[in-house]
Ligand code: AMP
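Coming up is one lone chain in structure tokens, specifically the form predicted alone.
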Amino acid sequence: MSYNSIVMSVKFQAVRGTHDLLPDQTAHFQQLEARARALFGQFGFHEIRTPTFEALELFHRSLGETTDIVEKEMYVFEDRGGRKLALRPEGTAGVVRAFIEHHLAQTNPVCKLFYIGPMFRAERPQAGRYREFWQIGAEYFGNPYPEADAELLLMVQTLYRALGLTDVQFKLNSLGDATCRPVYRRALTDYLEAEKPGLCEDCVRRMAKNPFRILDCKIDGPRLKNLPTIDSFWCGDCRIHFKAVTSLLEKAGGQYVFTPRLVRGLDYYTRTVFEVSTSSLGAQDPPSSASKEEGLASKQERSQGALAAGGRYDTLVKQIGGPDVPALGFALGSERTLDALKAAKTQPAASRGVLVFVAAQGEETVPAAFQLLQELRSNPQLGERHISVEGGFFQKKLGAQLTLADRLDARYCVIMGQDELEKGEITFRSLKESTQTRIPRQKLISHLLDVIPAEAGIQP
């Protein structure tokens, strides 16, 4: 068998862990992104777009050497110049790098940025989780005060409320700072030393480098019943900060569940951390009033319903090489959020607006029909109404063109025949009502605007 024969016999499919977004799915993504963009604008955030790959060392320095992402999940490669690069596994590191590189701290003392784009992690594919996936995120630089934490949390809650997803839980915790976290680390390490014989290999290795990661372990997390919690070790400043955040949330009508064992999978977080989850996609952690045995859910259980997460990272900018600027942020998974909306039956039906089909009858009418097709497509008023125009199948018989219009779910059909051409008219047919009328050609635009109200098109 020849090489060409082998190639022709291969059935190509999307690489495992990736997925195609077909037009109806893309419409849902656009609706989600439009809602997010509008809300971010209300809160004073501006869009930034960073490269999909960065220097490998950036992620080593920002995420931490012992995180699952760095140890197991990054797509790492070497370019022709011998530089070690990685596809971005999350958005914060690249945004912080851009913030430093372009000296935004000097021009924007308070800088609010958001991003939308694909991320890449070589983790085990499962429902709603892919190796190439989309995130919507926001980063807030320059505000160390609890008002910023509360503002970010309320923005996320407002977004999910606007999407119509009510079955959402906002888990909240504080990881302390450089003053109190080392004290908690010693207490945690002392506890884990007694449990060391029963720990998995990853947890034994992480005990020396980052014992906090053990709280997030899928294997050991559920069985470690009496782990000390960080809220018993908060210093005075961290306790005051967290109390202020929760007080602001409560006064503004925000919701949260204090979850003292909540940690994040990335090393750069300080103080406030949060996670948004829903039971629509799987198990949720029980509230903090539950027993310790009930309250310590595994990472796997939490991840089933996780939609978004974030928190404060006051030391990351300086850690990467920038000025000492406090910051916080969050990211949501687009696929996970849309899956939750679908499961909760609140996802709006995908819409492509109103479709108008242009048909021609007779070879001599083709030039005029084609000119009409382009005239409709280039009209800004129709574009603002999300009216799309299809046609260009003029060589087919009229009946075949009408059949195609019906299959494309066109609402109206504009027909140009020999008689219409000679009289300067067109036949305007409603395919849904099976009615038609003759109108002057020059009045077609105004007629379309009359019969298709503004609210008929896609609304962001």
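Everything numeric here is computed off the predicted structure, so don't read it as measured data. Residues carry their position along the shown sequence, with the first being 1.
Not on display, but discussed next: the form predicted in complex with the ligand.
Within this chain, residue 308 lines the site of the ligand in the predicted complex, having a heavy atom no more than 4.5 Å away. When the ligand is considered in the predicted complex, residue 244 lies well away from it, no heavy atom lying within 4.5 Å. Heavy atoms of residue 130 reach within 4.5 Å of the ligand in the predicted complex, making it an interface residue.
At a distance threshold of 4.5 angstroms between non-hydrogen atoms, residue 385 is out of contact with the ligand in the predicted complex. Residues with any non-hydrogen atom within 4.5 angstroms of the ligand in the predicted complex fall in just one of 119 to 127, 368 to 376, 164 to 172, 385 to 393: 119 to 127. Screening 206, 261, 264, 112 for any heavy atom within 4.5 Å of the ligand in the predicted complex leaves a single hit, 264. Exactly one listed residue, out of 332, 215, 356, 150, brings a non-hydrogen atom to within 4.5 Å of the ligand in the predicted complex: 332.
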